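Only one chain is included here, represented as structure tokens and corresponding to the form predicted alone.
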Amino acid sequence: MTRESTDILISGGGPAGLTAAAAFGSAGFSVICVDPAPPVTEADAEGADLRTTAFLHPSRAVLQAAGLWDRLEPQAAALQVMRIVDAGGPTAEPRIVKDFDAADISDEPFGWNFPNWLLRREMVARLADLPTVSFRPGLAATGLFTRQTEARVTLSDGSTVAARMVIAADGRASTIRQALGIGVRTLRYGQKALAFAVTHPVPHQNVSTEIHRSGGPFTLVPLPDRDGQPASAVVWMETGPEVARLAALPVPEFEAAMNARSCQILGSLKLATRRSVWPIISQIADRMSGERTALMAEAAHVVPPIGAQGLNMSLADLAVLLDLAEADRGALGEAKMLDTYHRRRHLEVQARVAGIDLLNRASMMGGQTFRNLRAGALDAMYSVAPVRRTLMRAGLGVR
């Protein structure tokens, strides 16, 4: 049986785990990152993740520390305005349109949007440049044994890695979290999301648009031009049966449905990619740390794709972990460090999960009376400038 040692073993090779590997590797720690599935790094390849991720402004510092920002910035689509459209009237057309402009609180955009497959491509390339990082796709963490001085992780090839700290970034069904016996609280909505990209005749002008009617938001997020035409990523949340119906429609019928749902805000949308389906839940772990182990990203928290919170919460986890690790390198993975990490993150995560849950339930409202109440609340909150600015800062995670 092969046995080796490292400072940090990261279970999970999604964007959060890869960013963590790049950040700790850039800081000089030895890192092994494993994931059972090789990353798909081309848009047209089978299994490509067609969702996009908007990195909000505070996440840029983490990406810079990881040596990733210079690779990503040339391919970014800036998010200058977050537009909320209420189309919850008797007919599917805009009745309230409110713009939250980053210029009200900063001289920079809210954030920058990237396709997830592209993030994986650039992150894997960055890891190849780091001599202290070993990325091992095709291997899974299958077992965990911890003691006060170290953690031992068994991999799917039968080898064992001794690590000073384990980072669980292995998703909502985290093997590492289960091995630690940490419970989770899960909320199910009966929703799923369709993710795809579209082209459209009207330029998006760096405006991200959430259109609310019922079932969940229809969100258009700016992308760089595609084949000379303006392009956006779409996340369309609906009930599970409705998503199944939409996903099975022939392209002409699907385009007709999405144009009706989009209220043609950007003109006639044309489907530019295949459609992928993702389940929607909220989930939060009872703790974000265990012996010699930190939970981050979806191993610790899952939220619906509203307000670009998911991966930005994960990078906030990473920022705290990295800060604590660099403050006292000799204490890496010790109980005091990990307890501090849990205290600094868990209450904030609980608040964000609860807030996104409330927004999602409001967006799902189907009755006309409730939709009218939602529209009234949006209008009232937007009309008070200090409240509007406070909401924008809260969404970014800054004060």
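Each residue number is its position in the shown sequence, starting from 1. This structure is a prediction, so every number in the text was calculated from the model and none was measured.
Absent from the display: the form predicted in complex with a small molecule. The rest refers to it.
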Checklist entry - Taking 4.5 angstroms as the cut-off for heavy atoms, does Arg120 touch the small molecule in the predicted bound form? => result yes
Checklist entry - Would Phe254 count as a contact of the small molecule in the predicted bound form, using a 4.5 angstroms cut-off between non-hydrogen atoms? => result no
Next on the checklist: Please determine whether Gly171 contacts the small molecule in the predicted bound form, using a 4.5 Å cut-off between heavy atoms.
Outcome noted: yes
Item to check | the small molecule contact in the predicted bound form: Asn360, any heavy atom under 4.5 Å | outcome: no
Checklist entry - Even though the small molecule is not shown here, does it sit in the predicted bound form so that Leu72, Thr209 and Leu271 each have a heavy atom within 4.5 Å? => result no
Item to check | Which of 163-171, 258-266, 93-101, 126-134 sits within 4.5 Å of the small molecule in the predicted bound form, heavy atom basis | outcome: 163-171
Checklist entry - Among the candidate residues Gly310, Gly216, Gly88, Gly290, which is the single one with a non-hydrogen atom no more than 4.5 Å from the small molecule in the predicted bound form? => result Gly310
Checklist entry - Can you pick the one in Thr199, Asn116, Thr239, Gln283 that has a heavy atom within 4.5 Å of the small molecule in the predicted bound form? => result Asn116
